[in-house]
Ligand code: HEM
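Below, in structure tokens: the form predicted alone, a single chain.
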Amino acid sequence: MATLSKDQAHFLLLKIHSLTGIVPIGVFLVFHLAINSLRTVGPLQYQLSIDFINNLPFLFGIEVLFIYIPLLIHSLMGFYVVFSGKPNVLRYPYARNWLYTLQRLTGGVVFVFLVYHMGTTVVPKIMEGKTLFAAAPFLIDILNQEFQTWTGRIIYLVGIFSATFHFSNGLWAFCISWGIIIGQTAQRNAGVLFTLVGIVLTLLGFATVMEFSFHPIPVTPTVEG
């Protein structure tokens, strides 16, 4: 059985890192921001969406297999890319070089933010045994309290912006590295399109934070017990 050379292994790791950033992590990010933005429509619509998710069969297995494991793999590979690379943005201050550097920086910020976000929502939910219809009121109460301080708002605004930038800029890099977009014109147009995607996702996230901040409405379980 042939073994991979160091360069081949490095190339394969970069491909896996790139792919996991889009599927499933990028898909989950879009879904998560869209679901949370329902809070701007009304607390009931948002609560019902959380009820639906928390009543899915095999929820924990789905989260571990399609969210937590890919996130861990992508994060570890991201740190490998950061520490194995040699920044040269000061020597070659081109726009794409700056974007490459910001891609790495925002990846680190997102990692710290996810640890904080999960530590203040997912972990308490599991520790308190809040499942099924009890999960929504519990999580909504946590977020209501979180966004009553500017510290909490800033943490989420920075985290959301870092995640949406990392994803939208990563989309462009993914399409280039996988040979989906070829040619300067196509790459330039794709850059504009993915920037718009990032702006829309950022606005969805920021609107959700503002809605929680100015309208902290508690809810009761839609189904008791």
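All residue numbers refer to positions in the sequence shown, first residue = 1. Just so we're clear, the structure is a prediction, and the values are computed from it rather than from any experiment.
As for the form predicted together with the ligand, it is not shown, yet the points below apply to it.
- Each of 29, 54 and 160 places at least one heavy atom within 4.5 Å of the ligand in the predicted bound form.
- Only one of the listed residues (134, 71, 102, 81) places a non-hydrogen atom within 4.5 angstroms of the ligand in the predicted bound form, and that residue is 71.
- In the predicted bound form, residue 153 stays away from the ligand, with no heavy atom inside 4.5 Å.
- Though the partner is left out of this view, residue 118 does reach within 4.5 Å of the ligand in the predicted bound form, counting heavy atoms only.
- The ligand is not shown here, and in the predicted bound form it never comes within 4.5 Å of any heavy atom of residue 47.
- Although the partner is absent from this view, residue 169 stays clear of the ligand in the predicted bound form, with no non-hydrogen atom inside 4.5 angstroms.
- Residues from 197-222 that approach the ligand in the predicted bound form with a non-hydrogen atom closer than or equal to 4.5 Å are 205, 208, 209, 212, in the order they occur in the chain.
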